[in-house]
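The chain below stands alone and is given as structure tokens, in the form predicted on its own.
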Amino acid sequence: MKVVIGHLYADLMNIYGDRGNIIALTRRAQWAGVEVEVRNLALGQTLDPREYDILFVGGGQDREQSLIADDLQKVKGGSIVEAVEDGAVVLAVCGGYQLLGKYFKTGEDVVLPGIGLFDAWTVAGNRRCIGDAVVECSFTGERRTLVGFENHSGKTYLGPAARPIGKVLHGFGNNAEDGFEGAVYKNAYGTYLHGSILPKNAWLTDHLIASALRRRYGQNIVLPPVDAGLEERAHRAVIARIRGRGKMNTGAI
């Protein structure tokens, strides 16, 4: 089996180590016996939604976001939406997450249009949301946690057609108001978690790979188990550090 990963705007949207997500996807797929091809998709390059199994876009500053916003509108946006509607996997982090929503309104009142994949919109806030984050999730049918590091001033709000990735146990999440983090639509996931998110959350990495394989090869595909001992220790270390400060919300696991 093989997965083709499209890394969108790798030269522009790669702050806080987001490229590590591509490394995690590649390595864990290969360790499970899956061939991997990574293709970088820069400004101006079109994409065939039938060719890609996983699409990834990381975070960037306002200047980079303005560049890719134009490219998403004119070149790639329609193909990304088409791919997701056909079951492709998408992971979008921070600035990439914002532009896969309806729009991002900057601190200078400039509105950067999004592609509307997520029923969500973002406005610049006057508070920096920065630090470790822990999120409780159940979208796979099991109760799990995601850990990561967030650093954003944008405040994202979800409409009725989007559901959050999970409940914030520690940190700020989408807007530091409603207690939720991220957005999910079909096999597309938007999140504010850097860190990178996938190396410390092997279960999510495997979920994305398995979802991509099932779309390509059939729903009976089961990803072979791959050791995640190191990743689990890194995951637990973040939670232990927060617990040690006595700052984990009630109900944390």
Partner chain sequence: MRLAAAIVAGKLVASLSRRLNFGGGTTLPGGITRRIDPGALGKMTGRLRQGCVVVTGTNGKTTTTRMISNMLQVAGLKPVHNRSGANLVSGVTSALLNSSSITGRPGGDIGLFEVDEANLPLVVAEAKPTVVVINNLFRDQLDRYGEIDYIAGLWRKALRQLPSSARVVLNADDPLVASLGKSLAASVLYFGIEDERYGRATLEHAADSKSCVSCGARYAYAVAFYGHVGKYSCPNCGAKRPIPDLGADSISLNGTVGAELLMRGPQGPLNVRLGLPGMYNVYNALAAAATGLALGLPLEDVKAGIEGFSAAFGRIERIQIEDKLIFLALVKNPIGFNEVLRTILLDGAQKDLLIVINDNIADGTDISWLWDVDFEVLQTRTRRVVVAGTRAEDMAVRLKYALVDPSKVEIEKDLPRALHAGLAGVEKEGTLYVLPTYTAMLEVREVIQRLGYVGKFWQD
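Since this is a predicted model, take the numbers as computed values, not measurements. Residue numbers count along the first chain shown, from 1.
Beyond what is shown, the protein has a form predicted in complex with the partner chain; the following relates to that form.
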Item to complete: Mind telling me which stretch in 194-202, 50-58, 181-189, 213-221 gets its heavy atoms within 4.5 Å of the partner chain in the predicted bound form?
Response: 194-202
Worksheet entry | Residue contact check: Y103 to the partner chain in the predicted bound form, 4.5 Å heavy atom | no
Practice prompt. Find out whether any non-hydrogen atom of I130 is located within 4.5 angstroms of the partner chain in the predicted bound form, and reply yes or no.
Written response: yes
Worksheet entry | Close approach of R27 to the partner chain in the predicted bound form, 4.5 Å, heavy atom | yes
Item to complete: Answer for N175 alone: is it within 4.5 Å of the partner chain in the predicted bound form, judged on heavy atom distances?
Response: no
Worksheet entry | All of V4, F139 and A162 with a heavy atom within 4.5 Å of the partner chain in the predicted bound form | no
Item to complete: Give, in sequence order, every residue of 11-29 that has a heavy atom within 4.5 Å of the partner chain in the predicted bound form, or say none if there are no such residues.
Response: D11, N14, I15, Y16, G17, R19, G20, I23, A24, R27, R28
